[in-house]
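Listed next as structure tokens is one chain, alone, in the form predicted alone.
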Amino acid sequence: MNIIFFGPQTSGKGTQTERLSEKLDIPVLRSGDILRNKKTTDDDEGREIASFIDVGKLIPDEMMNNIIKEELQKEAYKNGVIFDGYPRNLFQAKHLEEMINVDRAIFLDVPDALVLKRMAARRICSKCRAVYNLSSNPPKEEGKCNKCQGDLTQRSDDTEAAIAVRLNIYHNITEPLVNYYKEQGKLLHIDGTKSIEDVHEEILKHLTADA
């Protein structure tokens, strides 16, 4: 099964894709993690990627599509994949369809006011990239990851200025995917303001009904 998750920042994509991955035994392809890893490489591609990420802008479509195409060649995705962070616009969505069949597109809907509140409290593990929220999903030990004991940090692009840019990009470029997948009968619209467990159970209920 090939599943897409999309929604505004801090809508819970990281948490929900991880839970669904464990439940269905399907790997998650996190475009953000791939880009951040490439960003640390001291070459032209890494520096170009950094120039976009550090100010909250999207990677150009052609570059992003090529990166995803290369990633999908890996053996890990032969039985299915859960996308977190890709596609981000209609052009990317149509390009993805040339590579694989999308079974479900899950839209986690969260209003801007809650996005801003959640983002201020978001922390990422510096080692395994697990996502926490100091309010709704805090770590057991302050500043430490539950899984690997890595240090929890705030993302460099979680600044107020970068957040404003990313929300504007999301509404203008990514949100049209709602109607795109709705017209195909593949959209699953989920209220992302609910608890982590409630959102997870609602997603599973719909996917089970599809099977």
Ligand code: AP5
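Note that residue numbering begins at 1 and tracks the sequence as displayed. Since the structure is predicted, the reported quantities are computational estimates derived from the model, not experimental observations.
Absent from the display: the form predicted in complex with the ligand. The rest refers to it.
Engineer: At 4.5 Å between heavy atoms, only one of the stretches 146-154, 180-188, 40-48, 58-66 reaches the ligand in the predicted bound form; which one is it?
Structural biologist: Result of the contact check: 58-66.
Engineer: Does the trio G14, L35 and S195 actually contact the ligand in the predicted bound form, every residue with a heavy atom within 4.5 Å?
Structural biologist: Yes.
Engineer: Decide whether V81 counts as a contact residue for the ligand in the predicted bound form under a heavy atom distance cut-off of 4.5 Å.
Structural biologist: Looking in the predicted bound form, residue contacts with the ligand do not include V81, since no heavy atom lies within 4.5 Å.
Engineer: Answer with yes or no whether I53 is in contact with the ligand in the predicted bound form, where contact means some heavy atom within 4.5 Å.
Structural biologist: I53: yes, in contact with the ligand in the predicted bound form.
Engineer: Does H95 reach the ligand in the predicted bound form, with heavy atoms at most 4.5 Å apart?
Structural biologist: No.
Engineer: Residue-level contact is defined here as any heavy atom of the residue lying within 4.5 Å of the ligand in the predicted bound form; does V131 satisfy this criterion?
Structural biologist: Contact check for V131: yes, within 4.5 Å of the ligand in the predicted bound form.
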